[in-house]
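Presented below, as C-alpha cells, is a lone chain in the form predicted alone.
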C-alpha cells in the first residue's frame, strides 16, 4: 500500500533522508520513530506529495506520487501535529467542505458526517466557529475530517499532543479500527508507549537513515536487549551516535 523505494532527500548539500527503502502493506499500523531532526517530517511530507524525493520513488496504492500524484493523494488522509481548520467555518461546515472536495454523494456524505460527529463527540460544538475551538476540539474535528471519506492510507503525526486521557483512548480505538477496516496507518510519534501498544511493526530513523525495522521482538533481537520499546529505542539511537573507534596503527596494541 505504501512503498518508499530507495528514497533520499537533500536540501542543498545537506541530506535529510538517506536511501529509505520501506514497504507497508494494507491493514498494517506502522509506527515511525526517531529523535528530533531524524528525518521523520521530511519523510511524511514526501509521502503526502508536499515534497518530491531527490532520488528514489514513492508509491501509494501502486500510484507514483510524482507521476500520478492526484490518484495517489486521493487515497491519503494526513493529520499533522498542528491541526489546521478554516476558522470562519463551523465544524459541520468543515466536514461538508471535505465531503464536497472528495465528491461524496449527498446522502452518503450526510450519513458519514453524522457518524463522525457521533464517533468523536463533536455535537456540543460542531455548529460553533472553529476559531473558538480548544486544541482538543480542533484535533478531534481534524480526525473526523480525515476519516470522513474512508481513506486507504492514514498518515498521522504526533496525534496525542494536547489530548486528554479519554480522547487518547478514543484515538487508539479509532486507529486500530481503521486497520481492521483495511486501511494502512502510518503513525509518527514520540509516545513510545502508544507505539508499543498499537503498532504491528516499528521503524526507527536516525540521522536520515532507517536503522531498524520490524516487530518489537525483532527490534529487541537486533538491539540485543529484552526490554520495553523505550529501552530498545534509546539503545539503538545511542549506539548510532557513538563515534567509531580510532584506527590502531598496524603492529601496535590498542589501549586496555
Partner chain sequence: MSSPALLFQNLRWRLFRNALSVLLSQSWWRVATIAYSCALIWAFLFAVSWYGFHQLKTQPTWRIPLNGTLIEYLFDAFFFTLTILLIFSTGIILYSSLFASSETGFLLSTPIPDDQVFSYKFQGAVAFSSWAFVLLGSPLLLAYGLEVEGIAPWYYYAVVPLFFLGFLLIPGSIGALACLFIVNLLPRLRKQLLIGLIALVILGGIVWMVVWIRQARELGFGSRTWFESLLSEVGFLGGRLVPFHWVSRGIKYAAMRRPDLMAYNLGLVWSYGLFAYLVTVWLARKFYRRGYNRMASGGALRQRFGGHWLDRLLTWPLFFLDEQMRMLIVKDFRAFRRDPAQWAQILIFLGIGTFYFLLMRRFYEQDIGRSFKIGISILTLIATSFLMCAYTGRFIFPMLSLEGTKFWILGLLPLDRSRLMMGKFIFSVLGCLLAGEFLIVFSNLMLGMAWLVVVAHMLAVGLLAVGFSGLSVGLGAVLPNFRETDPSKIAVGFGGTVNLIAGLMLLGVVIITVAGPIQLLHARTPETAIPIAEIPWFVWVSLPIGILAGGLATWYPMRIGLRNLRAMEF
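Everything numeric here is computed off the predicted structure, so don't read it as measured data. Numbering follows the first chain given and starts at 1.
Separately, the form predicted together with its partner chain exists; it is not shown, and the next lines address it.
A.B. asks: Counting only heavy atoms and a 4.5 Å cut-off, does its partner chain in the model of the complex sit next to every one of 22, 57 and 107?
C.D. replies: No residue of the spot touches its partner chain in the model of the complex.
A.B. asks: Even though its partner chain is not shown here, does residue 98 get within 4.5 Å of it in the model of the complex, heavy atoms only?
C.D. replies: Yes, residue 98 is a contact residue.
A.B. asks: If we define contact as a non-hydrogen atom of the residue within 4.5 angstroms of the partner, is residue 225 a contact of its partner chain in the model of the complex?
C.D. replies: Contact with its partner chain, no.
A.B. asks: With the partner left out here, check for me: in the model of the complex, does some heavy atom of residue 74 sit within 4.5 Å of its partner chain?
C.D. replies: Contact with its partner chain, yes.
A.B. asks: Answer for residue 78 alone: is it within 4.5 Å of its partner chain in the model of the complex, judged on heavy atom distances?
C.D. replies: Yes, residue 78 sits close enough to its partner chain in the model of the complex that at least one of its heavy atoms falls within 4.5 Å.
A.B. asks: I need the one stretch from 157 to 165, 113 to 121, 83 to 91, 173 to 181 whose residues put non-hydrogen atoms within 4.5 angstroms of its partner chain in the model of the complex.
C.D. replies: Of the options, only 83 to 91 has residues within 4.5 Å of the partner.
A.B. asks: Within 4.5 Å of its partner chain in the model of the complex, heavy atoms considered, which of 213, 48, 195, 61?
C.D. replies: Comparing distances to its partner chain in the model of the complex, the residue within 4.5 Å is 48.
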